[in-house]
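In structure tokens, the next block holds one chain alone, the form predicted alone.
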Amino acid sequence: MSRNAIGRDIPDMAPGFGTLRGYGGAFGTADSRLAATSRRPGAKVLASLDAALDAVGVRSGMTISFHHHFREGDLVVNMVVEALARRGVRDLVLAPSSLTYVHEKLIDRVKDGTIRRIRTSGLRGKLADAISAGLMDEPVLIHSHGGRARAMDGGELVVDVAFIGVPICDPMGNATGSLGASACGSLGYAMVDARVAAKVVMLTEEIAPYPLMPASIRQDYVDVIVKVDSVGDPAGIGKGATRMTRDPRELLIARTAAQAIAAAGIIREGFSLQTGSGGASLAAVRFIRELMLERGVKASFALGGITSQLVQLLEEGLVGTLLDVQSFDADAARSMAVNANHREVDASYYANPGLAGCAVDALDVVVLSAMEIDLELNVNVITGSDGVIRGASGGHCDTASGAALTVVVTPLLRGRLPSVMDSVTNVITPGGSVDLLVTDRGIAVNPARGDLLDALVAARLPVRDIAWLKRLAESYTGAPRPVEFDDRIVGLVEYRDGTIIDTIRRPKGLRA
């Protein structure tokens, strides 16, 4: 027997229960996640980022994560990594959902040893150039959005501390991306980080009265909160790959893609859709809308990165629900704040192949872009024609795998280079999950989809053999000279199931 804190005799053991612990007092449980005083609203709010880093015990060798909902407007990654560098923290594994042009400062943090390894969906700008040239001793791991969620939820990617930037939260950590001066919309990627990380540091521009509801990220996932001047610039969300095109060639491709989707029998009552980043794929929504109006049909849902074009469909009653893992512009962020049928979903719900089902599996059609595509319909969206990393895996292979119809759109020529080639530089999405290639000079059909071939021919669409498209492109440009690589592996490309589908090698003559 042992006497507990209120003087009651408690047995040391009980049949079926084993060893018992005696009550230690209202605030005396030794293994409480937080002291009792820190459970009161406001006690999680610390005076500075350094105080937050002390509170969560960031140390060398840890894995830290970030989200990319502000895209090119992000300020959090550089802010936090610089603070850690000043503290002498080293050998970090950086695991953001994506990195872009604004993160070139990380080059110096790799050089000084603050960052040892990077695993992410995408890389762009000077950081990508430097990594392609051999900046890092260890290869960067490129994963899909669904693959990242699978690894996190399955315990393969263990995050020690997640740093989550939000425009607004309350004193307990309930947060949303839909409100505040810097509203970014959905926090779908950050929601997974908050759920799985051992510790969560929330950086916010504004602290609202408790409770802030509905919350994208719940208070019980948040350890400490820091108020900062700015976590990101929403104007950076819609730059680059999420721009809307006015290019006549891209509009032609988008129109042809919509016609092919219609010929395939997809544009019918209750169908579902997603469009990826890139001018022609985003523009396809415009022409799909025209066909929906013409046929008098409505879509059940649209998925993925949500744009103003999809918001228009929702507001016109042409789509029942938007499932938003990332808001691609200000209209999408506004819509999610005011429309109950514009629903936020996290990255696991969106595309995690380790679940019993994810949203991409319910897609009827997805329209995706490509940097390169080859005769086997393998798609490259990660490296440029020079072999340098310039893009992101994103949800490309996730949606291609899940959708009933996968349509890849690309101009036949990019500058003086053909988009169709014998073999792509790197494979992100395997050709077995691609059904149609739509270019400005014709449509190629996966040989396994004879049903599609018949439907498109019957609709008198410009169907071409993919080898014919390749020859046509080369008649204008000549056959491109293959990029030469040395033996240095600078990146590993992970398929959504965790297997390695390709390696990224350093182009010959390129040095960091």
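Model, not experiment: these values are computed from the prediction. Under this definition, the rigid core comprises the largest set of C-alpha atoms superposing within 1.5 Å between the forms. All residue numbers are counted from 1 along the displayed sequence.
Below, we turn to the form predicted in complex with another copy of the chain, even though it does not appear here.
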For the chain seen here without its partner, which of 285-293, 342-350, 122-130, 158-166 has a heavy atom within 4.5 Å of another copy of the chain in the predicted complex? 342-350
Under a 4.5 Å heavy atom criterion, is Tyr101 part of the interface with another copy of the chain in the predicted complex? no
Quick check on Arg218: any heavy atom within 4.5 Å of another copy of the chain in the predicted complex? yes
So, Arg511 and another copy of the chain: in the predicted complex, are they within 4.5 Å at any heavy atom pair? no
Taking 4.5 angstroms as the cut-off for heavy atoms, does Gln312 touch another copy of the chain in the predicted complex? no
Checking Ser182, Ser97, Thr410, Asn174 against another copy of the chain in the predicted complex, the residue with a non-hydrogen atom inside 4.5 angstroms turns out to be Asn174
Of the residues Glu82, Asp361, Asp233, Glu206, which one places a heavy atom within 4.5 Å of another copy of the chain in the predicted complex? Asp361
Residues in 397-411 with any heavy atom within 4.5 Å of another copy of the chain in the predicted complex: Ala400, Ser401, Gly402, Ala403, Ala404, Thr406
After a core superposition, would you say Thr19 shifts its C-alpha by at least 2 Å between this form and the one not shown? yes
My question is whether Ile500 is one of the residues whose C-alpha shifts by 2 Å or more between this form and the one not shown, given a fit on the rigid core. no
